[in-house]
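In the form predicted on its own, a lone chain appears below as structure tokens.
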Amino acid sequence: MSDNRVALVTGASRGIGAAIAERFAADGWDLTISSRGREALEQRAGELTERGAGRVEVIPADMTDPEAVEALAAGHAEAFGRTDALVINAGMGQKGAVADLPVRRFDRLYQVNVRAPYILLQSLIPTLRTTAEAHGTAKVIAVASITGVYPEPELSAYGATKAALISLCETFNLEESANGVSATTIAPGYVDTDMSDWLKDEIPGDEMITVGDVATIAHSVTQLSRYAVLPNVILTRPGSNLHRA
């Protein structure tokens, strides 16, 4: 088992996942980083090492492939034998009204945003429990969306998957928090990443939540004791958007 604190971060090659990995690296954590493309991950691994990370493992995985998700969890557990933080960040967005969005697209959203997180949680429970037993606590941090709490027009399928992710993590807390393992979902409004590029004619990127804001919350969760369970954090934009993305 590693002597350093260890995190597995999905969707770590860019955006929110990259920012979270950088925040952990600055604290000297060991990391497993994952996304679909190996080349981008390898580049990110070098940058994380320069920022202060300990050992950085690279494991590419397609979140629509259950065997790849299982292999990611197994590879991480084998490499480190420890998981202080499981950061479930890889996600997929899709815009479309209920009347128009093809169900096959909903199915793909569900695979990435709900099914893959379920597999990761289930696969890593043993390592999370042993980490909590040895070191006091282990945290799961799942990046959801404000649309999983407050509905947004044309984001019904996306919001439904994020609501399911929030519910999954809340039930996980009922089952695992007594073991020192707890989950926090972070539900932000629009964040300045390439996933929100389609909206930036209406809302400039510099008026959106920053990836650093989300990373700050994620890092803060890892500083909590086993006796502090934080189920969900909603990040909203200022003004009249407090219950809108």
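Each residue number is its position in the shown sequence, starting from 1. The shown structure was predicted, so the numbers you read here are calculated from the model rather than taken from an experiment.
Beyond the structure shown, there is the form predicted together with a small molecule, which is absent from this document and is the topic of what follows.
Quick one: find which of 25 to 33, 187 to 195, 174 to 182, 50 to 58 has residues within 4.5 Å of the small molecule in the model of the complex by heavy atom distance. Every other range fails; the passing one is 187 to 195.
Run the contact test on D62, G91 and S145 with a 4.5 Å heavy atom cut-off to the small molecule in the model of the complex and return yes or no. Yes: each residue has a heavy atom within 4.5 Å of the partner.
Counting any non-hydrogen atom inside 4.5 Å, which residue from P204, G212, P66, G37 sits next to the small molecule in the model of the complex? Filtering the options by heavy-atom distance leaves G37.
Heavy atom within 4.5 Å of the small molecule in the model of the complex: which of A77, A163, V112, L155 fits that? Just give me the one. That would be V112.
4.5 angstroms heavy atom contact with the small molecule in the model of the complex for R14: Yes, R14 is a contact residue.
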